[in-house]
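First comes one chain, alone, set out as structure tokens in the form predicted on its own.
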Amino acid sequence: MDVNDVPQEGNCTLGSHRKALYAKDAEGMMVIVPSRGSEVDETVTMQAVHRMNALAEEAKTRVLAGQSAPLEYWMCARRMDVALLSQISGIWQWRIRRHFNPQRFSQLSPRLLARYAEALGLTTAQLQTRP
């Protein structure tokens, strides 16, 4: 992409920020060019946000029906999936999926709850509350 082709259409998801893109200058060298984003970026970002919100609502429904633990809702509400929560918390993915079971979640140790709460940016009391 040439320097003059870097999109500057604007993207409301970036706010007043710009992002850096690599482009070729007149001499054929790669340079970093600030971009205001494009309509395509904005559309894709908004679709992803809507999808994550829908997943959080589905998780909320399961939690309120007693089919899942609040951990699943908070994970989705924080726009994480099991793989990301596993990386941040240091807890195996299979254990996280297992802790989606409400009975198992209610028996978790305070230490494990604190690890989840820290990874999700919550207090342990918030983590244990139903949405």
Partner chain sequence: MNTTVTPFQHRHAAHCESGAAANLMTHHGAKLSEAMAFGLSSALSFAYLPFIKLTGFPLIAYRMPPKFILKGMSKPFQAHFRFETFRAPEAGMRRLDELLAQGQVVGLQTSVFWLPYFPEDMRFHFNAHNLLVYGKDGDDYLISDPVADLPQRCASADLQRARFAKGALAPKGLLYFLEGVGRTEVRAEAVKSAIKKTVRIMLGPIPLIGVRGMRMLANRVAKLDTSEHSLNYVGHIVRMQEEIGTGGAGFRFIYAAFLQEAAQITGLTELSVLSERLNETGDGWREFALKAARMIKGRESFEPKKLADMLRGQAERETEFFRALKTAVA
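Positions refer to the first chain, counted from 1. Rigid core: the largest C-alpha set superposing within 1.5 Å between the two forms. Since the model is a prediction, treat every value here as computed from it, not as a measurement.
Beyond the structure shown, there is the form predicted in complex with the partner chain, which is absent from this document and is the topic of what follows.
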- Give a yes or no on whether every one of N11, R18 and Q47 sits within 4.5 angstroms of the partner chain in the model of the complex by heavy atom. yes
- Give a yes or no for E58: in the model of the complex, does one of its heavy atoms lie within 4.5 Å of a heavy atom belonging to the partner chain? no
- Query: Could you tell me if S106 has a non-hydrogen atom within 4.5 Å of the partner chain in the model of the complex?
  - Reply: no
- Does any heavy atom of I32 come within 4.5 Å of a heavy atom of the partner chain in the model of the complex? yes
- Task: Please check if M1 has a heavy atom lying within 4.5 Å of any heavy atom of the partner chain in the model of the complex.
- Result: yes
- Message: Using a 4.5 Å cut-off on any heavy atom, which residues of 78-106 would contact the partner chain in the model of the complex?
- Response: R78, R79, M80, D81, L84, Q87, I88
- After fitting the rigid core, is the C-alpha of L120 off by 2 Å or more between this form and the one not shown? no
- Compare the position of the CA of M29 between this form and the one not shown after a rigid core fit and state whether the shift reaches 2 Å. yes
